[in-house]
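As structure tokens, the next two blocks hold two forms of the same chain, structure 1 and structure 2.
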Structure 1
Amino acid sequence: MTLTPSGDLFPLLAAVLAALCCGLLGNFLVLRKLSLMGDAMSHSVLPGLVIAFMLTGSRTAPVMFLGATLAGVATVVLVELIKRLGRVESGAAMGVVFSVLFALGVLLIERAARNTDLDANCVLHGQLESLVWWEGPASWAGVVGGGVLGAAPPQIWTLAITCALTIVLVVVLYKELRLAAFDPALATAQGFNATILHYILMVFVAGATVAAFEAVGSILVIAMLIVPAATARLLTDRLAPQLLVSTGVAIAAAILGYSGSIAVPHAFDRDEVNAAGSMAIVLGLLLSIAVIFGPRYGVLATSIRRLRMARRIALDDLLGRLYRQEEGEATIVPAPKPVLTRARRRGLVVADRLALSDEGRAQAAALVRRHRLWEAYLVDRAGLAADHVHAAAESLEHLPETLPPETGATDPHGKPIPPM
């Protein structure tokens, strides 16, 4: 497979620009639990397109862009009104607005623009493959000085301007957007009007959605708004790294998806597939990798962490029972062989019999101390009955980093609290 400037430069550039602006804005949608807003806008711009055509009789790009942008802004306003006046959650309000506006668009097409060529496939999949540079150079070396700027189609310019404005917005209002995303009330209390910031963000989302719509279609717009940010969120908790990771994921998906739409079918002697759909699939694969292999929230890391915790709790329970047995409180229950083997390997239990070593006794004393301190705290400070605190203390004793204040020398049952 060989990519050529004439056939692939502008489609690839449009995909990367759309991925960049949608990926950046999507971070704030995901953080504010407004991921469905991109889906709502991509559907609700249809009546804006039809009404713009009905009023002007034109299907030129500026007219369509203006109509779709106004419809996107109207979507945001209607969602906010329904959410506040109807007292419903954001997802329900967005579902109501985009379904009603999309239906209105379909009715307007049927009644007033039936003979107009509004291609449904273009709306869903975009027209990446149509951005051909007919007079382009035969090799990539000829791109430099080859009149790229003059030959760029309007979709590229629209996406480039939208992308530049999006980067300026994120850089200039980074602090305000971050504060409003995590705590809108605190942002307003500190002098940043969270409502105005919300509408500014939504206007940019509407603009990015509409700008990317013609080139890549609604499927990829929705995917680019949500998936890169969701993938980055699985890899980091900090906003700045999240923005960088999501941008990298979006651009990688654009390049890999476009190349894969050509290379993979050719490898099986098939025709090329839709590039936007291929990019959305790559995004899904990248998200799946993050879900499985994410260092903190991935399935694999979470499973390993839970397994280690279960092994530690089993070992703690053995030490606690042996310690209480030495106090004459409990009768020892035979421990599972793997737990006993680990305890002996670590030198916590003597080798020839089931009894604590010195090191094991010290760890067991610390464990029992935490248990009895929590029981005392729950009775003295939380006001619980003494016979209702054992289960809670049984869980809290396995958290060595948290320890309640000492309230006495004995627990609520009169048992001594081991000293430190």
Structure 2
Amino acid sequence: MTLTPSGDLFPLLAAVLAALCCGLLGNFLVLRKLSLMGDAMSHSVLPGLVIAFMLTGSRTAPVMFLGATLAGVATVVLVELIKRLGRVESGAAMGVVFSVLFALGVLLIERAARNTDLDANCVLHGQLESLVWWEGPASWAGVVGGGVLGAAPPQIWTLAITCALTIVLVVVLYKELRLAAFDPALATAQGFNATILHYILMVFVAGATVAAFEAVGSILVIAMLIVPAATARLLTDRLAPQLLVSTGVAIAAAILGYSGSIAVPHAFDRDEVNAAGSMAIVLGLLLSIAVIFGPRYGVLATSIRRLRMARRIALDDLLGRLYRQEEGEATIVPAPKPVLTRARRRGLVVADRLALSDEGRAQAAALVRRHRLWEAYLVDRAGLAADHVHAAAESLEHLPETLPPETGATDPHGKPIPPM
């Protein structure tokens, strides 16, 4: 399959722009645990559109945009109001507000706006495919000189302006947004009003939802808002990289989803499928990849880390017990076969019987030293009773990087602390 400028340039552009502004704003929603505000808004956009249309009779972009943004802001205000008056948590308050507003929208469309192209299905599923550039050039080389700007449909302009404003917002208010995202109380204490910031953010989310709904459909906006940010959150701990990764993920999903919606069905000799939905699927796939293969928080990395830790602790336990046995303590030495094999392979335990090699003894001494130093520290400095410290020392001894300060020659039980 090939993408053509006339059929695919504007849909692709719309998808990328929608992905960009939603992906960027979504970060602040995810960090502030407001993801579902995006959900609520994407539903309540509908009545805003319909009422704006009914009042003005026009379906031009600014009118629609204004109506839907007002509906978005009304959602935020109503949710706050119901939270306060009805004493319910925000999730339930949102549910009440957006479901009633959405129901109103559906009813109004059916009854009043029936014979327009304001169809609930388009609002829901997106109408990317309709952004055809009829006079578009036949080849991509012709796009540059082909008068793209003049031919761009209003949706593209709306999206481009929203995108530009969003980027300006994030760049200008980066410090404030970052602070408010992580610690709204501190932000307020430092003199940025977190509530005003919240409303600014919400207006932008409403705007982005509205601008993007024609591209991806009102419900799928939520995937665009949440999934890129969530993916980035699994890959990095810092806000700036997170913003970059999330926009990258969003744009990749837009391009892959759009081309996939054409290419994959064509490969099976079928007609293309809904592009917005395909983008949501690609987003889901990218998120799954991050969940599984993320370098730090991925399921795979976490289990490998855990496995390594478990193996090290098993080996440590074997060495520690052997050392104590040499000291004359009557102890049961745990010697499961794999652990023993590993210890022998590393030359820590002698080959013919269950006893420490010289190297093993040195390593075991260091371990027991850590254990007893911790016990001494916990009794002397932390004031714990001598018979309460063993369990804590048992876990702390496996962390060679942290050593408590030297206290004395013996531990609280009178056993010698092996020297370095």
Partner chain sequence: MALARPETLSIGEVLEVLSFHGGYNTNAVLAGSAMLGLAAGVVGVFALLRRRSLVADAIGHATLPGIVIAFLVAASMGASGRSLPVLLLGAAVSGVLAVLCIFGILRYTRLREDAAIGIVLGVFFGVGVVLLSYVQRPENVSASPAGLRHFIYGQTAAMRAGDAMLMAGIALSAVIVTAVLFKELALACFNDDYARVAGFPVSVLDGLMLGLVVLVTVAGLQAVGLILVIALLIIPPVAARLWTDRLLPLMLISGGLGALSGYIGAATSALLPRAPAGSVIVLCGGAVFVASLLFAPRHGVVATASRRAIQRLRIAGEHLLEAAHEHEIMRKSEGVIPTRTIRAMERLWGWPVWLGPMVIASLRRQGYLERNSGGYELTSTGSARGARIARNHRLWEQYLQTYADVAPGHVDWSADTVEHVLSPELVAELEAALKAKGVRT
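Here, residue number means position along structure 1's sequence, counting from 1. Throughout, rigid core stands for the largest set of C-alpha atoms superposing within 1.5 Å between the two forms. None of the values given here were measured: they were computed from a predicted structure.
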**Item:** Identity of the form predicted alone among structures 1 and 2
**Value:** 1
**Request:** Treating the chain as two rigid parts, state the angle between structure 1 and structure 2 by which the smaller one turns with respect to the larger, in whole degrees.
**Result:** 12
**Message:** Could you state, for a rigid core superposition, the Cα shift of Glu397 between structure 1 and structure 2 in Å?
**Reply:** 3.7
**Request:** After lining up the core, report the Cα displacement of Glu406 between structure 1 and structure 2 in Å, one decimal place.
**Result:** 6.8
